[in-house]
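Let's start with one chain on its own, the form predicted alone, as structure tokens.
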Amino acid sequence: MRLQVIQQRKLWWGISLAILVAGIISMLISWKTIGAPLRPSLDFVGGTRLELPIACPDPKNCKADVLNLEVIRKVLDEQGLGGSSVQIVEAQGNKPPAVSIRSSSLDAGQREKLQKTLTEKIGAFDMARSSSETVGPTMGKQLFTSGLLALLVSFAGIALYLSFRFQWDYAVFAIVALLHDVLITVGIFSILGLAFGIEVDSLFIVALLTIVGFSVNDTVVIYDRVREVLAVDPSRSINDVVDDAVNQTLGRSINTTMTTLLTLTSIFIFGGETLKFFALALIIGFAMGAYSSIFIASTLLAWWRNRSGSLVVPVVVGE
């Protein structure tokens, strides 16, 4: 079966546009309601994270039922911490169930008062296993700035390499495809933040950088095949060249993406709370990366070459 990417390019562009618009609308709503396009975690806004495991002689037989979320939130409301995020962390190995609380910055006295009140309302906690972390707003701002700078540098480096390796129009549409993948991932996480309260942390920036590297790999493979075919027969229609290039590399793209997604799905299911949403971001981004390489970057290049009438074979340094 031959995939007709050029003939159905309006369909591919329409699907991408619909997802992008939904994400942008979600980011605008999020910005208006919480002051940010995504729901930021402690890493970016600063505050205190408390993890209080319940006291249990045998962690494997402990039940998390005693950690009543309604009671915990009521205690937080009473202490002026009503906007805090509360999660129940299930037992893992020898670690008993715990309550994880993210709130505004708390000093030692406030933490002690909160722990004491929760102990009275719920029961004893294993203080030897408890953990507390406070991040200042300045550090959170630095993390965000550094992550954004890393993204911009990666985009610039990729654009420079592709301009050198191919031609400037290849580089432009590869960057458009990368922006497509990043914006869709960010937009979906904005929707998840509004619907389910999912926060993004510093690992989310790492995920975006990884997505950029993975996505451009498939795009380069397709563009390289386009260049090779044009070098052999410059008179061929660019639409036919792109269709051939996509179909010739389709099996490789699907196999690479599917094997990667299987691994990431395993991490998402079994990797625990710390890696769960990191893996989810990679799943979304890698899937969109394969989609954009096949259906967006390739069709945009063909559209531009038809529009500009350019079928010049690029000169590659070193070949």
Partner chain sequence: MARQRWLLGFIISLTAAALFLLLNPILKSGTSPFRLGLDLQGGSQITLQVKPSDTIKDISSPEGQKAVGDVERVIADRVNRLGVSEPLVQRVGNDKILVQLAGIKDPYEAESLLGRAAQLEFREQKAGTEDKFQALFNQYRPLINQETALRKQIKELKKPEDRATLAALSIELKKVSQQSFTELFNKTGIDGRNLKEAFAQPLGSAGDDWQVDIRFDAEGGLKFADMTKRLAGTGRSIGVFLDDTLISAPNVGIEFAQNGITGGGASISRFTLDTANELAIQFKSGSLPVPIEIAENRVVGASLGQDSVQRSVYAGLGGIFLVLVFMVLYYRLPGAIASVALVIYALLNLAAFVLLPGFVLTLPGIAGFILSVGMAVDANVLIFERTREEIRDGKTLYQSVKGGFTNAFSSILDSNVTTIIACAALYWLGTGLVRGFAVTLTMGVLISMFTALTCSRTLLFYVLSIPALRKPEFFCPNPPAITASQSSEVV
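Between two forms, the rigid core is the largest collection of C-alphas that superpose within 1.5 Å. Please read all numbers here as calculations on a predicted model, not as lab measurements. Positions refer to the first chain, counted from 1.
A second form of this protein, the form predicted together with the partner chain, is not displayed here; the remarks below concern that form.
Q: Decide whether residue 33 counts as a contact residue for the partner chain in the predicted complex under a heavy atom distance cut-off of 4.5 Å.
A: No, residue 33 stays farther than 4.5 Å from the partner chain in the predicted complex.
Q: Taking heavy atoms only, is residue 98 within 4.5 angstroms of the partner chain in the predicted complex?
A: Heavy-atom contact with the partner chain at 4.5 Å: absent for residue 98.
Q: Determine whether any heavy atom of residue 262 comes within 4.5 Å of a heavy atom of the partner chain in the predicted complex, and answer yes or no.
A: Residue 262: contacts the partner chain in the predicted complex.
Q: Does the partner chain come within 4.5 Å of any heavy atom of residue 166 in the predicted complex?
A: Residue-level check for residue 166: yes, a contact with the partner chain.
Q: Can you work out which of 210, 104, 119, 79 has a heavy atom no more than 4.5 Å from the partner chain in the predicted complex?
A: Spelling it out, the residue with a heavy atom inside the cut-off is 210.
Q: Considering the partner chain in the predicted complex, which of 195, 149, 124, 232 comes within 4.5 Å of it through any heavy atom?
A: Checked against the cut-off, the match is 149.
Q: Could you tell me if all three of 87, 89 and 184 have a heavy atom no more than 4.5 Å from the partner chain in the predicted complex?
A: No: no residue has a heavy atom within 4.5 Å of the partner.
Q: Using a 4.5 Å heavy atom cut-off, indicate which stretch of 152 to 160, 69 to 77, 184 to 192, 235 to 243 touches the partner chain in the predicted complex.
A: Of the stretches listed, the one contacting the partner is 152 to 160.
Q: Taking the partner chain in the predicted complex, which residues of 102 to 122 have any heavy atom within 4.5 Å of it?
A: Residues within 4.5 Å: 107, 108, 111, 112, 115.
Q: On a core-based superposition, does residue 129 travel 2 Å or more at its Cα between the shown form and the other one?
A: After core superposition, the displacement of the residue 129 C-alpha between the shown form and the other one reaches the 2 Å mark, so yes.
Q: After the core is overlaid between the shown form and the other one, has the C-alpha of residue 106 moved by 2 angstroms or more?
A: Superposed on the core, residue 106 moves its C-alpha 2 Å or more between the shown form and the other one.
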